[in-house]
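Next up: a single chain in structure tokens, the form predicted on its own.
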């Protein structure tokens, strides 16, 4: 005849029963919270796991929603997800925002060094003899992404204005799919020169001076609208978007938000009109849709 349950068996049963009763309640609460799917293009910040976790935590707390960060390799992939409604909002580039202006609305624009603006840089190796953009002809040139303003469009528009094309002006071009990768390519000698986000280069110069010190700036563009956070135009009045707008625009008002901004090297986020991107739109018109 089998022995009766021991005291340990009874205690284990009680603990297991309590866990079984509490777990569904937690699951129900989690399922009851709305989820915001937020897209990130492959800029330098996506390489920083700690930053991603801090950004996700801040947005989750500030919005009162579950926040899922969605990353893809190219700008086009993230933009396609945004337009299709597969994600709620995304931190994109001014170039895809302009190309899809009829379908997208601004949520927030980063403020860097007191302005919602940045510049595109063309860089070369620190020890190269090149001193001007004209000297780069015949280079192996690194671009960031075909849909990047600073990492492609600005240089392409400059070449168009002098009757040239990237594929004929440079001996070879390639895409690195990340501004940090452009800097690495030029620093290592894999590329003679490159087109890069000036904000990324400047932030990297402070945090990775040894790497960035192997490059130097050949040309700076005019000031252009900083890569924005955007959503689909028809989503602008939805609750998820409303709380996301508030979370970004109040980021500089809390310790947690300011910590994230410091990691990003930004001052704050603000609300600005779409006309901020007219300078980029002019470049899009110059190069055409081809």
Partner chain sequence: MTNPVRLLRDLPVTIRAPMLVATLMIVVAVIASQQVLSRLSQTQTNNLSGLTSAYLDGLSAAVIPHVLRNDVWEVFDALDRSRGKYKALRPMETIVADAQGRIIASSEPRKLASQSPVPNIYQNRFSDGASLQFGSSSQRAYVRRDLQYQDRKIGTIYATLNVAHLMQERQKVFWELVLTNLVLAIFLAGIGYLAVRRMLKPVKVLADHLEQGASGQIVKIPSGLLAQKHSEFGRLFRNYNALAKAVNERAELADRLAREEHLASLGRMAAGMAHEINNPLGGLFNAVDTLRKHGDKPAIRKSSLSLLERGLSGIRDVVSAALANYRPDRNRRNLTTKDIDDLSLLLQPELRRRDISLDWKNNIEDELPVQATPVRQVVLNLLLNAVAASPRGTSISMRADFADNMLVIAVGDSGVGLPQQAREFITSTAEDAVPVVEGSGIGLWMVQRLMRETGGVIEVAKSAFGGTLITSRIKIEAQAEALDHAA
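Positions refer to the first chain, counted from 1. It should be emphasised that the depicted structure is a prediction, and the values quoted were computed from it without experimental measurement.
The following text describes the form predicted in complex with the partner chain, which does not appear among the structures shown.
Heavy atoms of residue 131 never reach within 4.5 Å of the partner chain in the predicted bound form, leaving it off the interface.
Within 4.5 Å of any heavy atom of the partner chain in the predicted bound form lies no heavy atom of residue 98. Taking non-hydrogen atoms only, residue 184 approaches the partner chain to within 4.5 angstroms in the predicted bound form.
Although the partner is absent here, residue 189 is a contact residue: one of its heavy atoms lies within 4.5 angstroms of the partner chain in the predicted bound form. This chain is displayed alone, yet in the predicted bound form one of 111, 81, 140, 217 has a heavy atom within 4.5 Å of the partner chain; that residue is 140. This chain appears without its partner; in the predicted bound form, the one residue of 73, 210, 206, 115 with a heavy atom within 4.5 Å of the partner chain is 73. In plain terms, the part of the chain that comes close to the partner chain in the predicted bound form, with a heavy atom within 4.5 Å, is 172-180 out of 172-180, 194-202, 98-106, 115-123.
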